[in-house]
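The form predicted on its own is given below as one chain in structure tokens.
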């Protein structure tokens, strides 16, 4: 059964860092930008096409690394290419193209020929980027065969035009030599008559050229498509090279495996601060996987990173990991606190409920991925814990893959996978506290530097870490922590 594919809202794409990644794509031509604008996830029945797209990117990436100088020359050509689609449309509608349009088509053909030669040198087995010869079009627009980037209505197009221009030049010579005012006026009037005839002849030539170009519209449109595809594939390959992207494996099982996957937006932010991003490694199966860990432990970043790379993979991009494997998906959802909904007067929990209703409808119809980030945090703790437990249990019964982060206890059941952020588990708190006491102004930064953001697989009975208490203690709230620990003792 074919269902409508849902792959995040615009807000969700912004949240996970997708828009940042797309902004990093170096798409150059108007045709490449059109390719980017029209991207959509590959449907389940398009698995073969998706795998072929991965092969194309891999070929382009290898070629790019092998011959950087040639790609640099190609880049220079791509920057010169203008958008001639409106001129082709006018031509198809039977309209007469002006000299600027004819010049731009000629320039496009000159650049196409240069590009065709260079792309052939790359020896890429990619049917989509094969350019057709435009020599016949150039012969039409360049009757003198000079192959220079200039155009006008040449004398070669018409013997009559040639004679009229010759006659006009002779009259202009006479005007230059004449001294009598009346004679000059008479010659000017004569010249005007010749100019009118010249313009009529030029118009007829432009009309004839426009009609002849109509026969080459298919060649021009195929080259436009090929240039757009080449530009877009090259941008994908360069992006993969920049961030260490790899070709994912599309598996037939319902499982997601990522080894050392990264989020470029977060990585670049940390890099600008002189810090490093901790890559994420995890394996998800159908049903619910629960991610626990203290605040500041990077649970949200983990969810964003997994969701981002799944979305990119389904859109035909390489993913930013050492290894990646996932199935074809019917949808991808990401639910995190939506401040936009809050500003519209809808509580964060209310916004979550509306989104969850949509998700529950989708899991009944297809197989996808759902990332739920600390849902029900806006309710009272007891209610919130029950709601999260119910949601995790309910989604565990479907074929979709759910990754749910929470700080609530008792959510994980025996048949669920449980990951935990290592956090401050292996930290020497005495030494850490001493460091912070010596540099109170940078206490948060010091704490973050000692936080281990990697994940470890734990059993379903493993408690949520009490790092919040440790953080309070380290940052100087010892009295409050003592009271909190007494409450814990009473509960136990």
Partner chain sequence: MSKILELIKEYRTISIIGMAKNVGKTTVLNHILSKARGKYTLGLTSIGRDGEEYDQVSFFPKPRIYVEEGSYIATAKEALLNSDITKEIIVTTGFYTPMGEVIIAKALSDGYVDLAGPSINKEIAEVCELLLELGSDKVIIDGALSRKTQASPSVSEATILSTGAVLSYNMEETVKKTVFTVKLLSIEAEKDQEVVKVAESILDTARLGFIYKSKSYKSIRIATAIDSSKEIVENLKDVTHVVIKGVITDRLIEDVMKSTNKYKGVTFLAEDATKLFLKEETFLKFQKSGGIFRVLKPINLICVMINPISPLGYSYDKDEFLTQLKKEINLPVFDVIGGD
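Predicted, not measured: the structure shown is a model, and the values here were computed from it. Positions refer to the first chain, counted from 1.
One more form of this protein, predicted in complex with its partner chain, exists but is not displayed; see below.
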Which residue among 121, 92, 152, 276 has a heavy atom within 4.5 angstroms of its partner chain in the predicted bound form? 152
Consider the chain as shown here, without its partner, and state which of 135, 198, 413, 114 has a heavy atom within 4.5 Å of its partner chain in the predicted bound form. 198
Choose one stretch from 396-404, 355-363, 174-182, 126-134: the one whose residues place a heavy atom within 4.5 angstroms of its partner chain in the predicted bound form. 174-182
Quick one: is residue 286 in contact with its partner chain in the predicted bound form, heavy atoms, 4.5 Å cut-off? no
Although its partner chain is absent from this view, report whether residue 323 comes within 4.5 Å of it in the predicted bound form, heavy atoms only. no
Decide whether residue 259 counts as a contact residue for its partner chain in the predicted bound form under a heavy atom distance cut-off of 4.5 Å. no
Looking at the partner-bound form in the predicted bound form, is residue 98 within 4.5 Å of its partner chain by any heavy atom? yes
Non-hydrogen atom within 4.5 angstroms of its partner chain in the predicted bound form for each of 11, 31 and 222: no
Within 351-365, the residues having any heavy atom within 4.5 Å of its partner chain in the predicted bound form are none
